[in-house]
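Below you will find one chain, with nothing else, as structure tokens; this is the form predicted alone, and questions on how it binds or moves follow later.
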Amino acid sequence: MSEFIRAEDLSFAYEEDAPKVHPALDRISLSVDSGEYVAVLGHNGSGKSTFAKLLNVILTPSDGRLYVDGKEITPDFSDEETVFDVRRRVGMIFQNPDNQLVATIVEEDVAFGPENLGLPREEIRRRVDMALDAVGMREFAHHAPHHLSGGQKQRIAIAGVLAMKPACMVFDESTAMLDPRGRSEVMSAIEKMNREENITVLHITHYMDEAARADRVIVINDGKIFMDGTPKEVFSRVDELRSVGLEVPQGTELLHALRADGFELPADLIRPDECIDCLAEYLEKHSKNGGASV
């Protein structure tokens, strides 16, 4: 895989942070490959959203180096053409879908980005259909966005970015304002884009079950990289995550509590189905042997 994002001793400080000990980002170094699906975790104020804004040149670094799709984002990065190109390559989806929809008809909203790229009408039509198909919203093409549910609106917002054919999509707590059904719809759309279109995904989230579905999890704490590994590697470190104000998936939490009570159970299970299967196997084994049950 080729490298899409690389940060070297990357730092960023808001002006109001100057008197503080820790800037928003404090000399972080990491890389993300093209096509990788990375979840980014951290408590409020940890620096994760600041990192997202640097990738899309909403902010520029205070210090260190940041490369996005081979282009270096410097503190004085201001070339309008290059900024436009980076923002086209790195699409961003924010929390509130209502703040991202600009038209009164769904297909017109999705067409807004390609129109601003100056594409021919036939190509715009093709991209709108492709994007709506990708998020499962083709049948709503002629609906008014304000008649849709929160999850449907967020999928339309995703389609609007997808129609610009980004190489990377950054989701900044994009499911935070959705109900469980809406969250599920958006997660399915994200995974489909990553799997079928090979789009690089950075998903900032407070939901541990969402992070567990990524290829990799990065935890940012006080502007620094605190953990970086597979979901199983990260979520097996329950006490360390708690120490920085984070939880783990519910199944992992249950198994951790049972291990603390002396039950011999694995530490690296995170999906609900594998946790259930593990407990069922444990109960069956020990009931046959006449041992203690959970």
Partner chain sequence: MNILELRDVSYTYNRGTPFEELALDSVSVGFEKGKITGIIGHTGSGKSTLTHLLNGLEKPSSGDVLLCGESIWEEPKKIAQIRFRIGLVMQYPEYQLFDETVRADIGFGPRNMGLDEDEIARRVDEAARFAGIAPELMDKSPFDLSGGQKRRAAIAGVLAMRPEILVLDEPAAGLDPRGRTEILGGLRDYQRSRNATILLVSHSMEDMARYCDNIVVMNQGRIYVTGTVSEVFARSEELQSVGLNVPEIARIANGLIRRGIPLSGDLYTVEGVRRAILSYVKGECEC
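Whichever C-alpha set is largest while still superposing within 1.5 Å between the two forms counts as the rigid core. Predicted model, so just to flag it, every value in this text is computed and none were measured. Residue numbers count along the first chain shown, from 1.
The form predicted together with the partner chain is left out here; the points below concern that form.
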| query | finding |
| --- | --- |
| Interface membership of residue 134, the partner chain in the predicted bound form, 4.5 Å heavy atom rule | no |
| Contact of residue 245 with the partner chain in the predicted bound form (heavy atom, 4.5 Å) | yes |
| Partner proximity in the predicted bound form: residue 13 to the partner chain, non-hydrogen atom cutoff 4.5 Å | no |
| Residue 43, heavy atom within 4.5 angstroms of the partner chain in the predicted bound form | yes |
| Options 27 to 35, 228 to 236, 66 to 74, 257 to 265; stretch whose heavy atom lies within 4.5 Å of the partner chain in the predicted bound form | 257 to 265 |
| Residue (of 130, 177, 167, 189) lying close to the partner chain in the predicted bound form, criterion heavy atoms within 4.5 Å | 177 |
| Heavy atom within 4.5 Å of the partner chain in the predicted bound form - qualifying residues of 217 to 231 | none |
| C-alpha of residue 281 off by 2 Å or more between this form and the one not shown on rigid core | yes |
